[in-house]
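Below you will find one chain, with nothing else, as structure tokens; this is the form predicted alone, and questions on how it binds or moves follow later.
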Amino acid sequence: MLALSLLLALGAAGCGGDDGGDEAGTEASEGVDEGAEPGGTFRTQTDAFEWTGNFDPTGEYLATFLGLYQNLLGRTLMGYNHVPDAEGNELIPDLAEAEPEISEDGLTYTFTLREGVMWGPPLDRAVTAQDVEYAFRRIATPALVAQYGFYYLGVIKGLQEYSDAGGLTEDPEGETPIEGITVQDERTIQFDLEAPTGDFLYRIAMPAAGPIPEEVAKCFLTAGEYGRFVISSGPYMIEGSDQLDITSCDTMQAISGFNPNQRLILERNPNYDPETDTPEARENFFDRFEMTLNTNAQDIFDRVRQGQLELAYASEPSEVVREYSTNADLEDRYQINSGDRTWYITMNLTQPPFDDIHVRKAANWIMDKEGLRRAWGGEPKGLIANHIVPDTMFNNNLEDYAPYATEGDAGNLEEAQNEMRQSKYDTDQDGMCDAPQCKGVLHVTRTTDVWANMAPIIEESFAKIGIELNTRQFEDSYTIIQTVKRQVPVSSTPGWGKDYADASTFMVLFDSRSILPEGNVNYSLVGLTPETAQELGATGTVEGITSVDDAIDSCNELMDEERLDCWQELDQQLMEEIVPWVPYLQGNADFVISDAVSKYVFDQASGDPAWAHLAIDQDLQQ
């Protein structure tokens, strides 16, 4: 069976484990379990709510959301046990009662839903196959900006055509059926694919593919609107859901427990039946979950230390990393696991001077990557990144591949200037970017501590080759760089963690078919054509940009080792022939917890704490 064969092959490819931890100077954390008891309120604060889709499952692509939704709020046909390492990347039936029936040709998947899975208040009814089908109608509705809709459009028969016709409308009776999705009865749904897709089960486990109730969501056909009205199918619901009046679209007011700029408060869903789930996947210890915004990261960590919070969901100031990584008394309070993620500086291939590959290569040669890692807190934060996909996802096959390696990872001025001399922006070939386009180059970054600390290092590195950056910090920097017409030349905002345990989830960042006017994650605009540029309002150098779409398609057709080899070759092609990024850190997933956390587990699938397994000792809370 194609999908299951791929799953077995990739269980090791996407694992975290001790390799990353050892090389980063620390052992991978095994977690804390000192006798977990149910009850209490789990409190955490974050230094940035940077939702990409305002918490609407159809469009939201922030890793924070993926972890929260999959653990606490939603059930998808396939899911995870929310545990660390290779086991955490293995798929299990979740909303489905068993693995699907898959046709011999790999084109048809048939799922049967579990009995007894109920929508939370105020719906109070069974989750049905129709709810799953409706989620795909939302994915195929352009106005809802499904940021990873490319996983389904052109894959499920008829879904692209449904999208081309406009998707959902206010008159659903007039819509065309989707050829490749058949609701056979209340509990049975069938998907017919255009071609065998070996990772389809992973795609079906993403939140956007989970059920959505039409009677509520039909009122919100603009991107992000449904985010404040999300109805739970999981063990927790947004506080105040039971007060939502769904008599009509006009009577619905935003659920009080979620404000995208302030807080997310969850409480137990009274309609959740643990008999429809397994404790291996969800133990659901705490009664209430509070995540609130605090833009002062140091204050967040101080509150954790004082017992006023259970976990810091924030970028640690470097002083905090040093304290927790060197103090034996704090060792079990500092949880570190391989994050399967890459932090990088993205360069826009349409904007000068980064529309010149020699400038992009020079940027890789000159960047002080070790300085950037120190801004994060040093070795405990991860390995220096030398290419696109984390080494753990390639079974460390490319761990020695470093096309721009420099002594001490501090940059190499000679190599950078040799590359710059070949650029049209070096008018006298002295190794310096001296054309007018080299001055005042907009650099977008975040306002939080780590990014503020990185900014001068990035500016100093670029200045060594004559590029003068104009750094602008934004609280909503993702929104800025994901809007194509803003035409940001360079940004240090982004990092990328896997969507699931396959390198394809990194390569979508370079697929021209995933370029969107808003919510775009192909920040470098690899593969952009003049026609698409005109549609999106992109200007600059829009001709002659190399596309890797065919290579992506070729890799996606392969299985097992051939597939892995193909992605590795594409990674190297991107770093040598296109150079869209300056990758600098293979980030660990590290979290500081309080003494009150009696059970801590890491969720390898989401790269976040396994919220469904965390527990607290209420006697130790302040």
Partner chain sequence: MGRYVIRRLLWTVLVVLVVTLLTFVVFYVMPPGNPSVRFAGKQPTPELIAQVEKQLGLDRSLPEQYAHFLRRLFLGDGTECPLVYRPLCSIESVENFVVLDTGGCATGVSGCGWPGLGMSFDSRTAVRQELIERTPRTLSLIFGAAVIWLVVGVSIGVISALKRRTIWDRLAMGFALFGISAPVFWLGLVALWIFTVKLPFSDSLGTGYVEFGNDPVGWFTHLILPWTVLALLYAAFYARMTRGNLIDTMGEDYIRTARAKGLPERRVIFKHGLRASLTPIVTMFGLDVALLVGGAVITETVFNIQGLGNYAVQSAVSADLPAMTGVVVIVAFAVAFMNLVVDIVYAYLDPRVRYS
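The term rigid core refers to the maximal set of C-alpha atoms that superpose within 1.5 Å between the two forms. Numbering follows the first chain given and starts at 1. Everything numeric in this text was worked out from a predicted model, so none of it was measured.
What comes next is about the form predicted in complex with its partner chain, which does not appear here.
Just one of W567, Y61, W581, Y69 has a heavy atom within 4.5 Å of its partner chain in the predicted complex. Which one? Selected option: Y61.
Given that its partner chain is left out here, which of G154, G106, G540, P260 has a heavy atom within 4.5 Å of it in the predicted complex? Result of the distance check: P260.
Are any of the heavy atoms in S318 no more than 4.5 Å from a heavy atom of its partner chain in the predicted complex? S318: no, not in contact with its partner chain in the predicted complex.
Closest heavy atom of D302 to its partner chain in the predicted complex, within 4.5 Å or not? Yes, D302 lies within 4.5 Å of its partner chain in the predicted complex.
May I ask you to check whether F591 falls inside a 4.5 Å heavy atom distance of its partner chain in the predicted complex? Judged by the heavy-atom cut-off of 4.5 Å, F591 is well away from its partner chain in the predicted complex.
Using the partner position in the predicted complex, report whether N470 sits within 4.5 Å of its partner chain, counting heavy atoms only. So N470 does not count as contacting its partner chain.
Option from 93-101, 350-358, 479-487, 235-243 whose residues, in the predicted complex, bring a heavy atom within 4.5 Å of its partner chain: It is the stretch 479-487.
Mind checking whether each of W51, K218 and M252 has a heavy atom within 4.5 Å of its partner chain in the predicted complex? Yes, each of W51, K218 and M252 comes within 4.5 Å of its partner chain in the predicted complex.
Does anything in 333-371 come within 4.5 Å of its partner chain in the predicted complex by heavy atoms, and if so which residues, in order? Heavy-atom contacts to its partner chain in the predicted complex: nothing from 333-371.
After fitting the core, N271 CA displacement of 2 Å or more between this form and the one not shown: No: N271 shifts by under 2 Å between this form and the one not shown.
If I superpose the two forms on their rigid core, does the C-alpha of T447 end up displaced by 2 Å or more between this form and the one not shown? T447: C-alpha displaced by 2 Å or more between this form and the one not shown.
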